[in-house]
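Okay, so we've got a single protein chain in two different forms coming up as structure tokens, structure 1 first and structure 2 after it.
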Structure 1
């Protein structure tokens, strides 16, 4: 542990000398009494461990314009559009950083707030970009269960990681994501602890959710939460996307039946009482984002240029 943390210490120091003080890796090597190669390794360790946070502080005109058009067209309260990286296939790069910045800002206030968090790869990536903070005044509540089909804690449940980083009180949902039957769900939801957590979600001041597509590589299916047959049935019924497990159709309506009557997640908090921010980019998510906007499920959106353009184009 000592080795490990002192290694990270050195990495942070090397990263600092490199990025803040502008030293070359040669100079760092001399100052830290290591070889040039080791200095390089320390710097790259600092980067890969997420110790180095970069932000670009300039409102790129095109992104701003897209954001304001999206805002007025869909009556949204918060829109962030980040530049696209044409050719990159990542579905998180950029939006994760922007989401982290938003989350950080909301948490940096003194007044206690309740923040509800969904799940998924995008949100996971966003949480990883969060800096360490001291926010014991806030409450972070999970909207979805954290038990995977095999009984383990689901990898993409992000509330633990988040609460750990920002030192907030956390309220996970010790439930499967989708119960095996309606009866099981009802039973689970009757537990006092779960009741309290559900009640807390409903009062969330600000909510961040990913938007999952329901194509052939739907995360819900890939991660084993639903079967291939269920996925097909959802598609058949017109589902285009899923938010914290709830399948929605192109109009943003929550479907009846199929998996939805067994989803153990909290309802998506109302956008009447708080801010509900969707975080998603990429062509696969486009129908889902459009649906969520159409149905008024979200009143905030963090996406990228390409997706924003497409959203504006298709409404014409």
Structure 2
């Protein structure tokens, strides 16, 4: 039984590497340390056993164990750990597919829900993988502004893409991601339309957010929302990550001052009133994921097995 289960685990992993991560059979053979013929047989087994549909439909034992441990340690309501591709540097492969499945599942329900959506590369990749759906009973609200510093539409704001995909009622946040001053943010937030959107986001039943790093290639800096000096000031103040623009320290606390005085985003919805799912993987994201967990900012997590293992290893 154990041998057969292990064989199916290997087949599921090979199937994931082939159908999701796009590896060739030669690459799979190298990554699993088997012959090319064995890799081919494992992929075939994944198909014949019904493990391969649109997604891998098999719970890989190691991923399940990691998910269970993370759920118990941090008191989470949802944890999904996807296999890691040892040869890939992508920060979206695997987690984007898993996030898309979670979003689709919730939008498939008939009871109306409010879904809040963050921004970023991982969420954009997830939304692009959603099938076309008809969901007029649901409301999808953006947590963050959709205007870039030059006045153009922010490229990684996903609410419009999602509205086109799922045909739900959508509520964008027609604001800059980061206002030019505290006074401008206060003025913008006083507008009735914005107040209604902020109130709606606070009532979200489920929220999906990316976790952005604040390293040298921080998305907020690369995409032009903050300057290099502001990034340096955030690092000096102890910021390790940002969620919908809000910079947080290693304990998950929102920093005072610096760019947070001008963030136009909605506050991150409370995990006390709904499910708040962070979607992120990789070494650069690890400090931010750990901070979000430590601060109780999220009660759901979608990540990969390497990141999950690192999270489990912290504090041991």
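Quick caveat: nothing in here was measured; it's all calculated off a predicted structure. Superpose the two forms; the largest set of C-alphas matching within 1.5 Å is the rigid core. Residue numbers count along the first chain shown, from 1.
Undergrad: Quick check: structure 1 or structure 2 for the form predicted in complex with the DNA?
TA: If we ask which form is the one predicted in complex with the DNA, the answer is structure 1.
Undergrad: Is it true that residue 68 shifts between structure 1 and structure 2 by 2 Å or more at the Cα, once the core is aligned?
TA: False for residue 68: its C-alpha shift is below 2 Å.
Undergrad: Determine, after fitting the two forms on their core, whether residue 298 shows a C-alpha shift of 2 Å or more between structure 1 and structure 2.
TA: No; that C-alpha moves by less than 2 Å between structure 1 and structure 2.
Undergrad: With both forms fitted on the core, check whether the Cα of residue 46 differs by 2 Å or more between structure 1 and structure 2.
TA: Yes: residue 46 shifts by at least 2 Å between structure 1 and structure 2.
Undergrad: Could you check how much the CA of residue 15 shifts between structure 1 and structure 2 after a rigid core fit, in angstrom?
TA: After core superposition, the C-alpha of residue 15 moves 18.2 Å between structure 1 and structure 2.
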